[in-house]
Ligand SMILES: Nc1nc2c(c(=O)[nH]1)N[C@@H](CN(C=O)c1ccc(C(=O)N[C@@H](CCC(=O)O)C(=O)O)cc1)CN2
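This document opens with one chain alone, in structure tokens, the form predicted on its own.
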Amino acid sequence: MTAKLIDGKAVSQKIKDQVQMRVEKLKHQGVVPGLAVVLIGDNSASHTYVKNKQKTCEALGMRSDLLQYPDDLTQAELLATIDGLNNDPNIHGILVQLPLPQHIDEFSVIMAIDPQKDVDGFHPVSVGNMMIGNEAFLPCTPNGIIKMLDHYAIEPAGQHVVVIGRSNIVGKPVGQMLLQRNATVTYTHSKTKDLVYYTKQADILVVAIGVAKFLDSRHIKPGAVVIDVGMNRDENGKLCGDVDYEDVFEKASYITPVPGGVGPVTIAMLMENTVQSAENSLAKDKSGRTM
């Protein structure tokens, strides 16, 4: 058996084509979807991510604002910046690029973002709505994973999903979203004893642990679907995931590559959330005008 490639670039393009049509429709109604990205410090990976987000925004005809600050920016200054963006009617999505400098409290920053502009899906209001199945901005990487599974007609219902990783950004929400799609979900992490015992039971394995080539063919059962969320550098400085791709490829049924897998879809989902926010704002304005 050799795995079929889950092509993130193809899935991403399909989403972006749909987003672009929605952008054009909004523009005809006088609204340009606007995304503001706040970048603090000189983290090279963060700069790369932000550049890709800006490039995608502009290609889709959306407004892209970059607010860049040195890493000695105070928390009070950052919160004041977010407050200004919350009150800017031309900005529909606010993204504060993580990680933040150590002197800034991440939770306070997330809490400061208006949930109606929380296109990352990190605000507790967004997370709470996601948990109970209400409409919410869903976190981009987990929602992207769902879109990838749907694109390849991989049905989570009745499947055993094992998630390696328990971050608030990927691990926890992706498990919850797959649970809502009627999968049976097991969370594993750095404290899990006998990890292989669990991973070898997985029909769908989501790997988000942040360790280069951590997972190999010994961890999976034949025919498993492997979703690699990692973005690391190997010993030669080459981009790689949390999965030893070459080793696992012969045993899995489907696998995401790194790069070209989850990453492009994550950015596409950010664009979709921003457009959704612009549509919500327009609907609210129209509702207000008719009352």
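Please read all numbers here as calculations on a predicted model, not as lab measurements. Sequential numbering from 1, following the sequence displayed.
Here the subject shifts to the form predicted in complex with the ligand, a form of this protein not shown in this document.
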Here the chain is shown alone; which of V32, L239, A59, L66 has a heavy atom within 4.5 Å of the ligand in the predicted bound form?
L239
With the cut-off set at 4.5 Å between non-hydrogen atoms, does F249 touch the ligand in the predicted bound form?
no
So in the predicted bound form, does L98 come within 4.5 Å of the ligand, heavy atom to heavy atom?
yes
Answer for Y49 alone: is it within 4.5 Å of the ligand in the predicted bound form, judged on heavy atom distances?
yes
Check whether L26 has any heavy atom within 4.5 Å of a heavy atom of the ligand in the predicted bound form, and answer yes or no.
no
Is every one of D120, P259 and G263 in contact with the ligand in the predicted bound form, taking contact as a heavy atom within 4.5 Å?
yes
Assert contact_stretch over 90-98, 151-159, 73-81, 197-205 against the ligand in the predicted bound form, heavy atom within 4.5 Å, equals 90-98
Residues within stretch 141-171 having a non-hydrogen atom within 4.5 Å of the ligand in the predicted bound form
I169
